[in-house]
Each structure stands twice: as structure tokens, then as C-alpha cells.
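Consider the single chain below, provided in C-alpha cells and representing the form predicted on its own.
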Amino acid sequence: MSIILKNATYTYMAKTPFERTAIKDINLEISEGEFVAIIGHTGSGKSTLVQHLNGLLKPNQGMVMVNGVDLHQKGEAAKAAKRRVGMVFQYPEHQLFEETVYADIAFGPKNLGCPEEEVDKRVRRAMEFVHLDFATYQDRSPFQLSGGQMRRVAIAGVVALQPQYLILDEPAAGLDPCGRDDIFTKLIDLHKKTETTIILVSHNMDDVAKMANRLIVMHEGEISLDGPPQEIFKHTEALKAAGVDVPQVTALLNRLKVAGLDIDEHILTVDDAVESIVASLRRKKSC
């Protein structure tokens, strides 16, 4: 099971003076169970790319398939394939529209035709997942919540659909560090507990380095790099050309390595970096 793009190209406002090709001849496969981060500079094509994955955009050339089904063919099979892909847009709180938190989260499952009992179960599970107490928040207006709480409600609404593939376009944009960490911790939990495929759009290398097992770097509408984080971060020049940089931890370890410290410069987390530096200093002291 996977999402596959074959020679996908998309041009905004084609055949007008404002024509702009956002993605060019993309060939890509995202397999079930992966945690993929798509990174790149503003305007690199990453948001356009992910809007093809659930059929919001149709490529001018090429095709998009979910679990072997062309998303743009006619019939129930294509509709069912699209429902397997959930999308959380940047600033997802702008998607909220119902009078209560419960009604907003329940909207998607009801549209799927779920029985009332199943809808209730899904709402409760989704609220528990985003750490919103059911009794406290079910009857509240989503527009009376804090920004972080609104973001949780919006994510819960997509989680309640129980998608096989979950796409999030800059879900932490505008949040403070605590709110960002909270959102990302929940995504990691969701991936581990349910094996949901996560596709995360971000420009923050420090965030994605801690979560993703695969990075896709977009540059000028094309995929410039694709692979495990440890491999991607070796290509510093290609990353700079794409308008992104290595994580701060990696940059520090690279400088220490150049300075003569015997450490693994491909470590991705602060805790592992501290252990490596301490161990290296102890070895150096014992010599």
C-alpha cells in the first residue's frame, strides 16, 4: 500500500501571463507506515505537492495513485481512496466552523456515514488523543478557545476520520515552543500507536530531524534530495542551495569535528549529542 506520483506536473494559471509551474515531473512513492518530512524554502513546491496526495489538486500531466487507485478516475473507488488521506492545512484552526467542539470533530465521521455510536467513539478518542478533556470541552465553542486549543480541535477533526495517510502542512506555524512540542509529541505517538503514515511539511530542520525517518527536499518544484535524515544532512551544499540548513545540533557537531573532537557528527538529538561530546572529552582526557 502506498501513495505514488508518476511524472506529476502542476502549473498555476496555465496559458496566462501569470503562468507558474509549481512542481515538475515528480516521481515519488510514499509507503504505508513511513514518517516522511517534506522540507524546502517558501515557494519550493512542497505545499502544492501534498495537495496532490489527496486529490485537492489534479496534475496537468502525470497521475496520482493511492493504494493502486488513480485519484482522478471516476467512481466510488477513487472517492474511497481520497478518504484514506487526511489533510491538516497550515493554520488548521481556520477550518473550524461548527458551534461546538463536539460538532466540529464529529462532522467528518458523520459525512462518512458512521452510525451515531461510532461517531461518538471517534470524537472521544480524537479528543483524548489531542489531550482535550471531553467533559470540559465538548460543548464549548471552538472560537472561544486559545490558539493552541483550536489547533488541537482541528487536528482531532482529521484524526477522527481515521485516515491511513495523514498530511500536515506546517502544523506548528505560529505556536510557541511548548505548543509546537506538544503537537509534535502527539504526532509521534499517533505514528507509533496506530502506524498511521505521517507526511509532514516543514521548513524547520531541527523539528523534522527528531521525528521523520525519511526527508524529501524540494527545490524549485523538483525533488533535490530524498533519503534518511542522516544521509540528507551530509549534503550541506545541496541543502543550502534549496534554502534550508542542517539542524543546529548537526552544525555544532560538524564544527567540533573540524576542531579535532572525535565525535559522530551525524547525531540528530541534543541528548545523544551531549553523550557523544562527554564521551569524546573523557577519551581525550584519558590519553
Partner chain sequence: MLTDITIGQYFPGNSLVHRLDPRMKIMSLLLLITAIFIVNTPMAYGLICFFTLVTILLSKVPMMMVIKSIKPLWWIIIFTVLIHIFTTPGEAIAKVWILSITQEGIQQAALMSIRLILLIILSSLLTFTTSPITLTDALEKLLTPFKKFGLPAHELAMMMTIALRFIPTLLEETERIMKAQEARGADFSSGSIVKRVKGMIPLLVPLFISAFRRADDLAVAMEARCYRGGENRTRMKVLCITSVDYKAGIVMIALLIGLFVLKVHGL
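Residue numbers count along the first chain shown, from 1. Quantities reported herein were computed from a predicted structural model and do not represent experimental measurements.
The protein also exists as the form predicted in complex with its partner chain; that form is not presented, and the subsequent description refers to it.
- Partner contacts here mean any heavy atom within 4.5 Å of its partner chain in the model of the complex, and among 218 to 226, 50 to 58, 25 to 33, 234 to 242 they occur only in 50 to 58.
- Taken together, the three residues F129, P171 and F184 all stay farther than 4.5 Å from its partner chain in the model of the complex, as judged by their closest heavy atom.
- Checked against its partner chain in the model of the complex, the candidates M87, V208, I198, V123 yield a single residue with a heavy atom inside 4.5 Å, and that residue is M87.
- With a 4.5 Å cutoff on heavy atoms, L161 counts as touching its partner chain in the model of the complex.
- Contact check for Q73: every heavy atom lies farther than 4.5 Å from its partner chain in the model of the complex.
- Under a 4.5 angstroms non-hydrogen atom cutoff, its partner chain in the model of the complex has N111 among its neighbouring residues.
- Interface membership of K193, defined by any non-hydrogen atom within 4.5 Å of its partner chain in the model of the complex, is ruled out.
- With contact defined as any non-hydrogen atom lying within 4.5 angstroms of its partner chain in the model of the complex, the contacting residues in 95 to 114 are Q95, L96, F97, D104, F107, G108, N111, given in sequence order.
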